[in-house]
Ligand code: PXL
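Next up: just one chain, as structure tokens, the form predicted on its own.
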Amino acid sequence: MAAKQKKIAIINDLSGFGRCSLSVQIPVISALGVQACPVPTGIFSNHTGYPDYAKKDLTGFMPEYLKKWKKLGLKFDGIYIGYLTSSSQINIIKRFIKDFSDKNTVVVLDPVMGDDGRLYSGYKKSTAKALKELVGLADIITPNATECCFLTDMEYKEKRNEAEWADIAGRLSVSGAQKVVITGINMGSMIGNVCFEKKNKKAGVSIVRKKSAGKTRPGTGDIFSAIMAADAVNKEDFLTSIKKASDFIAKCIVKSDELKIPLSDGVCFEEFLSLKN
């Protein structure tokens, strides 16, 4: 049987300015040889890290949008779930997974809700609470340090030891996820990613470290999870994928600093889109 091109449904918001969400994930996933099929949850003039922004919640439009996809008989090799604009979208996504996946579909959840111990501007606590319902439906989860604490009802702490992070990653996997990576953990001069993987009925924890390349920028988590999702449907090794994503983001941050791009504008990933070779 001839090989077919893989495709991923990306459920996320679209920000017109400030590199993040769909605007970075579509080109990155495409550069990895996977068709990127967006399902916008909302439209923002610019991301919420700027002082002001315009927003359009697309919850009411999503059922009509997806009804047309169902009529086409679409199925996806991967389903990525990112930023949700309302808790009402949870049930829509549950139905989406049922209608558009099969036994081989990889579901990746990036529970985009906050950073530095706080929820993002405009993100409701009710949505953060409801998001827990999707954890058990995901094969791979990619929360940051703040998001994993919201998902496990644990107090946010800026510093934890490796055993504590490993314990949190293990808790997140209890709901069913085979692979968990807690991203962007500050470990002094290093940035760490705590990885939990179930394999052959055994669980393994490891930490992928990368020397800190510069200040935190918006959109890096979106790029990270996009690479993870594309690699997952391409059957790439989990830890190898994490290292690739970390290396790529570090390179983008360094280049962004060289070009004096404002932190709020994200990273100039466009300079390095030849990821496939």
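Residue positions are given as counts along the sequence shown, with the first one as 1. Predicted model, so just to flag it, every value in this text is computed and none were measured.
Although it is not shown, the form predicted together with the ligand is what the next lines describe.
Heavy atoms, 4.5 Å, the ligand in the model of the complex: which of 232-240, 215-223, 247-255, 56-64 makes the cut? Say which one.
Among the listed stretches, the partner-contacting one is 215-223.
Looking at the partner-bound form in the model of the complex, is Tyr120 within 4.5 Å of the ligand by any heavy atom?
Answer yes; at least one heavy atom of Tyr120 falls within 4.5 Å of the ligand in the model of the complex.
Considering non-hydrogen atoms and a 4.5 Å limit, does the ligand approach Gln35 in the model of the complex?
Taking the distances in the model of the complex, the answer for Gln35 is no, it never comes within 4.5 Å of the ligand.
Quick one: is Ser30 in contact with the ligand in the model of the complex, heavy atoms, 4.5 Å cut-off?
Outside the cut-off, so no.
Gly49, heavy atom within 4.5 angstroms of the ligand in the model of the complex
Heavy-atom contact with the ligand at 4.5 Å: present for Gly49.
Which one, Ile93, Cys195, Val107, Val112, lies within 4.5 Å of the ligand in the model of the complex by heavy atoms?
None of the other options qualify; the answer is Val112.
Contacts with the ligand in the model of the complex, stretch 135-149 (heavy atom within 4.5 Å):
Contacting residues: none.
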